[in-house]
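Quick setup: one chain, the form predicted on its own, written in structure tokens, and binding and motion questions come after.
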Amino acid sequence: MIDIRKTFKTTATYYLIRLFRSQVQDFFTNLGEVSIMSVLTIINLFKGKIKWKEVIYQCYRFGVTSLPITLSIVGMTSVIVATQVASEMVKQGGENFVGMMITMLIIREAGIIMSGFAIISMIGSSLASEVATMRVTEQIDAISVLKVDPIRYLFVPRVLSGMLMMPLIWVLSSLIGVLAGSFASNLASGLSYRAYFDSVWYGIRIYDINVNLLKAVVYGFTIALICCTFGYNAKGGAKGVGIATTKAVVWSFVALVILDMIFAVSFFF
């Protein structure tokens, strides 16, 4: 008589179910680890005892070294949008709203989300691989043996630098995006710089700036925390470093998109 259970275990359906179950378990495990590390990091932030020298170094790493690629990405995004939209708006008689539209796009969404993606790709992956290497080479274990809190030593400076530098990066990238949009609009449609910048002010509100400053702080915290967490929990040698870095980047991208949706619904709906 055929054993139905054994037969079912040889089918592709069974392997798909096992894969789905393992992915769900892995998701909730990682979510729990990130949540625990976020609580511990916040507690250590409020305790003080921050190594400001390390924070300054991480700020340089988080902000200064990533600035060229971040500004380039946001600037090119603005040029792409302005090139395709400005000429059509001028044809329809909407030249007085070109600057406003591009400014709203850059300040509310493109500036912060593109900056976040650039930071994840360049700095986030670096943070994850660095901490993961320390884990697999037992440097973190050595730190613990010396009675040094790994959370305070590794997480706090990196998370704090992300919270401090992300708003500055957003301000600079948004400025570059608005300026690049004016240049592209002039080339694509012949729109004068005066007409562009006159309409820019219609798209800037203090409310938008305050919301996105808060969003930038949350993004900086999230990127640094997720990348450090996956690096901290890495295992399995060099292969484990690669897996941890990949997970950190993927989770950071997804987290930023979810947070962006939450901010959009909460503040602009």
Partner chain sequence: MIKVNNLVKKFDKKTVLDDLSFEVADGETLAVVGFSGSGKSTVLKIICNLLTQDSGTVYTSEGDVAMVFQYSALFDSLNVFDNIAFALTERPDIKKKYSKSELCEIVSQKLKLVGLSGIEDKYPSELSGGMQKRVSFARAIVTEPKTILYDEPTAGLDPISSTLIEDYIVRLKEETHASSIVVTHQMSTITRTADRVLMIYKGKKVFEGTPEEMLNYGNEYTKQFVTASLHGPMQMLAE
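Numbering follows the first chain given and starts at 1. Quick caveat, the model's predicted, so the values are computed rather than measured.
Although not depicted, the form predicted in complex with its partner chain is the subject of the following passage.
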- Task: Give a yes or no on whether every one of 87, 91 and 195 sits within 4.5 angstroms of its partner chain in the predicted complex by heavy atom.
- Result: no
- Note on the structure: Exactly one listed stretch (72 to 80, 141 to 149, 169 to 177, 94 to 102) reaches within 4.5 angstroms of its partner chain in the predicted complex by non-hydrogen atoms, and it is 141 to 149
- Item | Proximity of residue 239 to its partner chain in the predicted complex, heavy atoms at 4.5 Å | no
- Task: Answer for residue 183 alone: is it within 4.5 Å of its partner chain in the predicted complex, judged on heavy atom distances?
- Result: no
- residue 51: touches its partner chain in the predicted complex, heavy atom cutoff 4.5 angstroms: yes
